[in-house]
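Next comes just one chain, in structure tokens: the form predicted on its own.
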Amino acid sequence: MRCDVVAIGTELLLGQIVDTNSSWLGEQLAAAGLDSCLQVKVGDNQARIVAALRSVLRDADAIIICGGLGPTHDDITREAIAEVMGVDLVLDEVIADRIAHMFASRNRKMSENNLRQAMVPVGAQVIEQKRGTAPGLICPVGDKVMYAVPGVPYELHEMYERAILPDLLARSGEQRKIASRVVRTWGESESGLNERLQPIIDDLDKVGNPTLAFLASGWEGIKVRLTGRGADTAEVTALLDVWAERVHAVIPEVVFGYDTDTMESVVLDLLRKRGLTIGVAESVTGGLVAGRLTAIAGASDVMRGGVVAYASEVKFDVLGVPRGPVISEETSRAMALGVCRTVGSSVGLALTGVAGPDEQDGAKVGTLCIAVAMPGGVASSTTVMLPGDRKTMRELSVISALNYLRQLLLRG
């Protein structure tokens, strides 16, 4: 079954908002084993939306339409859908009452235009809203179907998982269980992973189940996703276990976790199991590492604190770094030892480097010096060169530093 995506909103065409909804839906549809061959963006113009929907429906079995379900004059997705279906819009009293109750419960006055969100094409099925005001819609068009969901990502995600995916699978006649396993990696390029895993990819092409895909995810690393089908959960889980183990056997040094693992959650677990605490000293990343660590629930039993030593004087006066050039492994080691003293941690992680736009202390843009101080005052360090603009370099610095710490912890 083929399900394509149409995103509505002039702001998407102007680049004022990045269309993350379409990419998320593409990933979810692929994980469910459903074909998705086209993603379209259309501005807030009813004639163009209608033309786009009719064009996509010629080849697709289903469309997921994102956005344009709000209360304002430019939210015209409902009208366009009704035109494609050849039906009128009618007020759904149940939805109208729910919207009115939501405003009343918050002691807010409801504008009349909010009732536009209760207008439903005749013959459409409503997807109840759980997190906002605009409901979703399931709209049959002959033997095909259009799904309309709000553009707010967390509302879209919830409706897709609760209502759209089950309906798509039922329409496709897919009775088998579909699941994915994500092997999380860092330290190898996407092309390098592809080359090293080519024998496994060739074997998968022969058997056809599961499938393998690479997802480059910035400072989340590169994901190797296996998607399989089975008669039930046990069968598909066993299948994914076998192939995930084969992937791990080829690239063990770059695999840091699976599925929902993150580099920071893995590092915190390693520290916790060893009875260690951590302090972080950051220059180039300006607190990003500490932010990632403390975003994990329960991190407080491991994470003692951090020092954002962005100015050189803070490195000298707070962390005890010897005066001189600050982009060096020597500086990073002193920072790591200094943060252990400052926050009372058993492990110190330090980062200093050059994110750009200009060189500093003779170091090129992209230079990152990482150091880890372990119990007993022993500090290890390394220097890496990272690609990308200032934002990318800083983000890659975070996962690179945490991975360096992870590797040292695994080596004991």
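The term rigid core refers to the most C-alpha atoms you can superpose between the two forms while keeping them within 1.5 Å. So that there is no doubt, residue numbering starts at 1 and follows the sequence shown. Just so you know, these numbers come straight off a predicted model, no measurement behind them.
The discussion below concerns the form predicted together with another copy of the chain, not included here.
Query raised in the report: Looking at the partner-bound form in the predicted complex, is A100 within 4.5 Å of another copy of the chain by any heavy atom?
Result: It does not: once another copy of the chain is placed as it appears in the predicted complex, A100 has no heavy atom within 4.5 Å of it.
Requested in this report: Using the partner position in the predicted complex, report whether N209 sits within 4.5 Å of another copy of the chain, counting heavy atoms only.
Outcome: Although another copy of the chain is absent here, N209 would stay clear of it in the predicted complex, with no heavy atoms inside 4.5 Å.
Query raised in the report: Does at least one non-hydrogen atom of A363 fall within 4.5 angstroms of another copy of the chain in the predicted complex?
Result: No, no contact at 4.5 Å.
Query raised in the report: Applying a 4.5 Å heavy atom distance criterion, does G306 contact another copy of the chain in the predicted complex?
Result: Residue-level check for G306: yes, a contact with another copy of the chain.
Query raised in the report: Is it true that R272, T382 and S400 each have at least one non-hydrogen atom within 4.5 Å of another copy of the chain in the predicted complex?
Result: Not a single listed residue reaches another copy of the chain in the predicted complex, so no.
Query raised in the report: Pick from V87, A295, A104, V126: which has a non-hydrogen atom within 4.5 Å of another copy of the chain in the predicted complex?
Result: When another copy of the chain is considered in the predicted complex, the option within 4.5 Å is A295.
Requested in this report: Have a look at E330, D167, D74, D241 for me and say which one sits with a heavy atom within 4.5 Å of another copy of the chain in the predicted complex.
Outcome: Filtering the options by heavy-atom distance leaves D74.
Query raised in the report: Tell me which of 108-116, 142-150, 249-257, 78-86 has residues with heavy atoms within 4.5 angstroms of another copy of the chain in the predicted complex?
Result: Residues of 108-116 come within 4.5 Å of the partner.
Query raised in the report: Using a 4.5 Å cut-off on heavy atoms, what residues in 342-360 are near another copy of the chain in the predicted complex?
Result: In sequence order, T342, V343, P357 come within 4.5 Å of the partner.
**Report entry** Large Cα move at E253 between this form and the one not shown, threshold 2 Å, rigid core
**Finding:** It does not reach a 2 Å shift.
Query - Core-superposed comparison between this form and the one not shown, T233 Cα displacement 2 Å or beyond - result: The answer is no, as the C-alpha of T233 shifts between this form and the one not shown by less than 2 Å after core alignment.
Requested in this report: Verify the C-alpha shift of G132 between this form and the one not shown: is it 2 Å or more after superposing the core?
Outcome: True for G132: a C-alpha shift of 2 Å or more.
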